[in-house]
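Quick heads-up: it's one chain on its own, the form predicted on its own, in structure tokens.
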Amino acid sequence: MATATDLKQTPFYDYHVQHGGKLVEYSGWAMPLHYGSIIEEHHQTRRSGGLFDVSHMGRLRFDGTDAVRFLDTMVTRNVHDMQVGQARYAIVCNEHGGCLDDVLVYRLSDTKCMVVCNAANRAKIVAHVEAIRGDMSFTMKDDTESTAMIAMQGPTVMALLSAFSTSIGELKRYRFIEKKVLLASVMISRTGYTGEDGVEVILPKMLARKAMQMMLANLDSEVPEIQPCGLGSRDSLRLEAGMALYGHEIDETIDPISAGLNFALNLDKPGGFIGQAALQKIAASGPVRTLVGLTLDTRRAARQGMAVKAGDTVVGTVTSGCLSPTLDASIAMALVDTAHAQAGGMLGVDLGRSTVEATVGALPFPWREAKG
């Protein structure tokens, strides 16, 4: 079993250790699962603001005359019509329409882009780029281990940042700016993975410690507005928000249409992208499976791989589940036969010792209404 010293360490590793972070292995990195209570960190983010170390995410820079054209062939969203300063969520597909990864594409200039990918898929995406690049003229640089990345998420975050910088406060969703800090370039994007408003910040590794000190300067206050949070609450937050996690709701055998990610597809893209023809066929005929939300009649949490049933017949599989802190209910996402995906329907989830009833609902879960 790998120890913390065998794993990659983010630029915030010392901070995690010094502040009691429970470190676990995640995609080859030593990452904080929590600093005390996952539930409290979840509520902290929904109520005020949470700070997450997401430096394990891959950061790949593309530069050259064919960089944009290449990315148009690799991802499911249009890149050629993106404005400089714009980010888009997209999928990298295989020829069959399965998901190699879900990514964020940032348009840096006419000839430069950045792609942020999942930590577990970084090596795969790098290899995929080299396999499909052909004779297109561009360079790809992996900036993951020379930079840091943090996410500030929660309802108070933008107001706090507005007081610090008007330009940050005025950012629109899925837009970013680059600022100079100590002669180094720092990127701030209005993006995130919790359902809450907020930003993600990419900065040079050498600035990481100073940035953490600045962003958590309010920790000495009696009721700090921003507190550090770990992977545990990040997962429960994204689950409430109905956001896909690679290896759960999407993988190389699951297409983005089945996973409810139609908004991330430009199926009429000029020139096409890898997997476009396969996805056009799925769109025309309708997906065999559909991702749904389930609310279980139990306090137990469903886990990935548990069977979803209609009577005694297995009609799907749980992809993610938890006891939702905001809704105070057991919730799950599941891929089920499309015939059983209607909201309001009743299914069963096999928890092992028993099968419990579950109500089918649309995604995301109604956490905003529950939060008030």
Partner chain sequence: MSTDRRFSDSHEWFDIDGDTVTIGLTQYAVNELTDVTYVELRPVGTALSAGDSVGEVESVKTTSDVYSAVAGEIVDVNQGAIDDPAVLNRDAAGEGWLVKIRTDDAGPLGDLLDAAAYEERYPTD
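These numbers were taken from a predicted model, which means no experiment stands behind them. Residue numbers count along the first chain shown, from 1.
From this point on, the text means the form predicted together with the partner chain, which you will not see here.
Peer 1: Could you check which residue among Asp235, Glu200, Asp102, Asp255 gets a heavy atom within 4.5 Å of the partner chain in the model of the complex?
Peer 2: Residue within 4.5 Å of the partner: Asp235.
Peer 1: Select from the listed residues Lys281, Arg299, Arg173, Lys141 the one whose heavy atoms reach within 4.5 Å of the partner chain in the model of the complex.
Peer 2: Exactly one residue meets the criterion: Arg299.
Peer 1: Taking the partner chain in the model of the complex, would His80, Lys112 and Val129 all count as contacting it (heavy atom within 4.5 Å)?
Peer 2: No residue of the spot touches the partner chain in the model of the complex.
Peer 1: Is there a heavy atom of Lys22 no more than 4.5 Å from a heavy atom of the partner chain in the model of the complex?
Peer 2: Close contact exists here: in the model of the complex, Lys22 approaches the partner chain to within 4.5 Å, heavy atoms only.
Peer 1: Any of the heavy atoms of Gln342 lying within 4.5 Å of the partner chain in the model of the complex?
Peer 2: Gln342: no, not in contact with the partner chain in the model of the complex.
Peer 1: How about Arg303 - does it come within 4.5 Å of the partner chain in the model of the complex, if we only consider non-hydrogen atoms?
Peer 2: Arg303: contacts the partner chain in the model of the complex.
Peer 1: Heavy atoms within 4.5 Å of the partner chain in the model of the complex: does Arg59 have any?
Peer 2: Looking in the model of the complex, residue contacts with the partner chain do not include Arg59, since no heavy atom lies within 4.5 Å.
Peer 1: Out of the stretches listed (342-350, 37-45, 307-315, 65-73), which one is close to the partner chain in the model of the complex, meaning heavy atoms within 4.5 Å?
Peer 2: Single hit among the candidates: 37-45.
Peer 1: Which residues, if any, of 309-344 lie within 4.5 Å of the partner chain in the model of the complex when only heavy atoms count?
Peer 2: Counting only heavy atoms within 4.5 Å of the partner chain in the model of the complex, the single contacting residue of 309-344 is Leu323.
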